[in-house]
Ligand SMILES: Cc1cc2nc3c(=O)[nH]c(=O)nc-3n(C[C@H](O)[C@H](O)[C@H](O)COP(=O)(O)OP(=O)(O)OC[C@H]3O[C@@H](n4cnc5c(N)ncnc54)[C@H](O)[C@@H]3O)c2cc1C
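We begin with a single chain expressed as structure tokens, specifically the form predicted on its own.
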């Protein structure tokens, strides 16, 4: 096969134009191409009058050897990268390892352990995805929160009710492995080559069922509604877990525990601290969800090409560094998506964003967040959690109860006046919003940072500061405020405990959490 990079296809032709572009680049009739494999696809929107798709492809064609010889270095053969393989197999263990949590880190850790010969016991405080979806929909429709089955807790973790985006800032050989496994379990194949891959909450739910069935077929013992309540230790090592379940409390003997709790498991962090496990506060972010009309974001990014119907729903990635040391940035943007209620504790409002695979909703929403450090919330290990809770309680109060969220039009926010209702942008948050003045809800330094940054962001994406845009509070769970300190994969203070994923403070998003779960499984296998 011949590798071709930087193939451009005008937006008006659509992605299907890649075949003709490849033929032109090779100087051959399109009929001579036998197969074409897309290795990467992105959109170049830097010039609004010449927006194009950009491809890297591998092509096989008749007379390939002769063409390479004739071209004399113009083209090169495609050399696929060496795939990652989990470095352990045929292991045995006196006691089965235990994986706590079924978010991306826990799921991929369990998968690798099982395929290495030591299928773990997996405990998850929430419910399987089929029941979890019903519990979450009931919460959104009625405001009746189940504190053990919600957007934070349950099979798949918080990512189950998200955009399912797989972009990440890390570079790791395990990433293609994760993508291939996702496809194996039902994700769309385009995640293997899109520059901004996403699965969508709808396809994630079906994928999780397939992944669970595979884990069970490998011998994993999966236990839902099973909350880690305590850890028994002796001589600085894990000896057993105390588990609370619907059938009652029990003790689970364990020498090796891979802990992937997610960042909503606040009671777990409190328990670990009481057991002397070293925790440290870390930087995180808080803020709001901002909603615009998707058509307005597409027009800002694509210009007239937005009406062609060939381009994907667009997003944005913006950041502003302020004079006072804080940063304001957008996070987890959900084109064509919804703002969702993501609370996991009674009397506290939390927001997040979610999209279906089609991304065909009327609005685009994104987290609009302000970075916070221990200097803002305190240097105690759990001070960040206390800070989050104060914001979530204020949001519940100003939302008027029933898990309605406080909201404000952007124009009113910048003018510091309360809003009375929506205009062109209809808020998507359920159970509903109550319009107010967010300067009464959020800390003053957060509001000042947002107000200073938004006009700067508008210079990069025209219309970002549209007065009809809706701000919905509060977003507090973008990343964990706590890190469980580890060395060589294990807790520095408790041998046999392998912290992993976003909740442990080592990831931010589905992909990086999955990769960290694999790393933790490697460390556990090395210990075995």
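Numbering follows the first chain given and starts at 1. Because the structure is a prediction, the values reported are computed rather than measured.
What comes next is about the form predicted in complex with the ligand, which is not displayed.
For residue 520, no non-hydrogen atom is located within 4.5 Å of the ligand in the predicted complex, even though that partner is not displayed.
Within 4.5 Å of any heavy atom of the ligand in the predicted complex lies no heavy atom of residue 212.
The ligand in the predicted complex comes within 4.5 Å of no heavy atom belonging to residue 15. In the predicted complex, none of the heavy atoms of residue 292 sits within 4.5 Å of a heavy atom of the ligand. Screening 67 to 75, 278 to 286, 346 to 354, 409 to 417 for residues having heavy atoms within 4.5 Å of the ligand in the predicted complex returns a single hit, 346 to 354. Taking the partner from elsewhere, every residue among 151, 158 and 228 has a non-hydrogen atom within 4.5 angstroms of the ligand in the predicted complex.
In terms of contact with the ligand in the predicted complex, the residue from 366, 337, 104, 120 that brings a heavy atom within 4.5 Å is 104. In the predicted complex, the residues of 256 to 274 lying within 4.5 Å of the ligand by at least one heavy atom are, in order, 260, 261, 262, 263, 265, 268.
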